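This document starts with one chain, in the form predicted on its own, laid out as structure tokens.
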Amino acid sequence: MSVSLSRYLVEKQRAKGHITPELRLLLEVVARACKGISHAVTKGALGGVLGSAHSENVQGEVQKKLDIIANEVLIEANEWGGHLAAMASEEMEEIHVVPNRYPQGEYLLLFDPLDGSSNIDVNVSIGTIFSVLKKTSTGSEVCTQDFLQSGRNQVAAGYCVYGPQTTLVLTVGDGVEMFTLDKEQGSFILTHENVQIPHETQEFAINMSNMRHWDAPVKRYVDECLAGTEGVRGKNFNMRWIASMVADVHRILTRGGVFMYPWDKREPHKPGKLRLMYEANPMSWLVEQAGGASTNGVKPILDITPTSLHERVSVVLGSKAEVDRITAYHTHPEH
């Protein structure tokens, strides 16, 4: 008998109260919003959603039409349910507090509404990443400081990848499950339970065009992989790069590997490219829950306490043995 996302969440709620009724409702609403985004993505040119919106987000990046549509879908779906206090998005400069006309809950929702925007117009997999925190302050007021929590405080995290299938990947701190959208039923159905990343791998994902800008530990690791059976690793590696973190991480969760988006010398004042709270934290928690590891090169990403809403970070995550090796190259370069 197939298990729907709703049934899965109800059973999690019943199992010693592993999740609250409010969190269950929140996750169901997020999943429903992802179905709406999936529909818009599928329509593509037929829906007039391709191309640039001729605007920039807070990061100074040119927005695609689907970036704005996905952001609006997530806000409109979640602000009225009574389970949220506020939301934060990679596409918005400030937090979005739930309007006074709606009841306010205790949770905070963070999201990258459409990851991999450069792939939209060429019909390559993209996705939505989300993270849920509990508000730390008391009272009805909510502010940016409430969001500045380490990734260890997440109560739920996941992503939805819009590819040949629409797949929702979720953790509530009790392992990782994958749900595939059955478009005939209109429901996400549990298709992979207790996902585990292989401890070792022969595959890595990185943008090789940036090699000349990398720091020495990253270049050392990739050089060793490229040396193949004749090098110190004694085995051949494959390289993959989709330019969509959702798609690259989904491959790692499915068959192993390591994903790297490291600091580089082009913008030395920035600790990395990816956003800590909208991308790195939820993906790092998923990877850790699946038996993998994540690091900024020096410490686990989930142990970083953010100081600003759009803080960036260097990211290495995936199969634990490879992440540990890359961390060692950063912390003990003489070995």
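What you are looking at is a predicted structure, and each value in this text was computed from that prediction instead of being measured. All residue numbers are counted from 1 along the displayed sequence.
A second form of this protein, the form predicted in complex with a small molecule, is not displayed here; the remarks below concern that form.
Residues with any non-hydrogen atom within 4.5 angstroms of the small molecule in the predicted complex fall in just one of 165-173, 182-190, 258-266, 152-160: 258-266. For the chain shown alone, M245 is a contact residue for the small molecule in the predicted complex, at least one non-hydrogen atom being within 4.5 angstroms. W241 belongs to the set of residues with a heavy atom inside 4.5 Å of the small molecule in the predicted complex. Within this chain, K273 lines the site of the small molecule in the predicted complex, having a heavy atom no more than 4.5 Å away. Contact check for E90: a heavy atom falls within 4.5 Å of the small molecule in the predicted complex. With the partner omitted from this view, the residue of G105, P217, G116, P198 that lies near the small molecule in the predicted complex is G116 [heavy atom within 4.5 Å].
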